[in-house]
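Taking the form predicted on its own, here's one chain by itself in structure tokens.
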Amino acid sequence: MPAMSLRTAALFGALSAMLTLTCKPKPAPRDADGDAGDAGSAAITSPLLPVDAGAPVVDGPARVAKGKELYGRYCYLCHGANGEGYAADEAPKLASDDLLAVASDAFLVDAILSGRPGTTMSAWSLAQRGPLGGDDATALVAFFRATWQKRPREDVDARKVEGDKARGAPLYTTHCASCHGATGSGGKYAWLTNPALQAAASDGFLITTIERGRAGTPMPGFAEKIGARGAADIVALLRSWPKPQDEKLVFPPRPGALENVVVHPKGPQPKFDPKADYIKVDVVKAELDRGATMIFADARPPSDYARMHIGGAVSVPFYEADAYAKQIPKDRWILTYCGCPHAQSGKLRDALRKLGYKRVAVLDEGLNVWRDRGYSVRGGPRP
């Protein structure tokens, strides 16, 4: 591997500093339903990670190999084995020059570490209780570029964009709202009001993406329909939307500190099919209302759990089931869940089965359907 430049070393130092937070534990009250997610957790402010758009990622065979290994451990479930995207969670295509040629290294690192709150893109940083440090994120980016990028990098970040939000509003409604939501959030695809995205994406990156689109994805190019001025007007509109404040999240207990794992510990066993791999949301809710005993295991990274989880669920990230297993009894049904709804939850189900758990199934439609039915959820930023 070539020697690390002073500039790259500075990037790693900055990332390490950003990912090291001093957390002062404070006890938080349990929810009325005995929600284990609040017990013994710490309130942590999760500011957006700063972006150094000019800082390069160190390349080299060892770094690329490390990124490949990490991708196979954490990312392929949603983004696909070959970066083709949409394997789950509407996760976008990564094997795309339309993305990689215009996205800076720092933009991609930020997406990995900060995630995209409000979407199914988790925050994977150590600062938000994920498994990845700054060096891991840069290795992933090196893998993306070495494996999938064909066109040379373009410096679109320096492009000056001047638009009019009033002109942009009707254009957005006509061309963008059906995918991204009427006001930039709540749509099927990327939430454009996302604070992490807004902080990391330059105006040049946004306007280039609007003009060109991304081949092989649902994002078309709009240059011929609205022109450069229309694209600039949409960017002005995106920048005018209110920015959410930084969050204070209450993270779930770490392994060894779980409490209240079982929902209805004195209740009867649920009447689930013992051979089921998936159990419908409404079937689970009916048994829960009957007072049946069960365990909900949230398979996503802790930052997602902190923002929203099923009432009474415990956090058991799919990538570290072994660490939590000793505190999870084997005499109850376990419902694993995620948002997509089968990728991470299926991985956790299979991991628990290998550890000797006989009654484990995936909550079929996942967390979002559970929430949309009006069933109990907890979590979210605390004041």
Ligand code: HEC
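Numbers follow the displayed sequence, beginning with 1. Note that the coordinates shown come from a computational prediction; the quantities given were computed from them, not determined experimentally.
Another form, the form predicted together with heme C, is not on view; read the next lines as being about it.
Item to check | heme C in the model of the complex: contacted by all of L99, L140 and L192, heavy atom 4.5 Å | outcome: All of them do, each having a heavy atom within 4.5 Å of the partner.
Checklist entry - Thinking of heme C in the model of the complex, which stretch from 257 to 265, 151 to 159, 276 to 284, 199 to 207 has heavy atoms inside 4.5 Å of it? => result Checking each option against the 4.5 Å cut-off leaves 199 to 207.
Item to check | Contact test in the model of the complex: G133 vs heme C, heavy atoms, 4.5 Å | outcome: G133: no contact with heme C in the model of the complex.
Checklist entry - Heavy atom to heavy atom, is D89 within 4.5 Å of heme C in the model of the complex? => result Judged by the heavy-atom cut-off of 4.5 Å, D89 is in contact with heme C in the model of the complex.
Checklist entry - Looking in the model of the complex, any heavy atom of R129 within 4.5 Å of heme C? => result Contact check for R129: no, nothing within 4.5 Å of heme C in the model of the complex.
Item to check | 4.5 Å heavy atom contact, Q344 and heme C in the model of the complex | outcome: Flag for Q344 set to yes.
Item to check | Option touching heme C, based on a heavy atom within 4.5 Å in the model of the complex, out of A106, A232, C176, V250 | outcome: Exactly one residue meets the criterion: C176.
Item to check | heme C in the model of the complex - contacting residues of 101 to 116, heavy atom within 4.5 Å | outcome: F107, L108, A111, I112, R116 sit within 4.5 Å of the partner.
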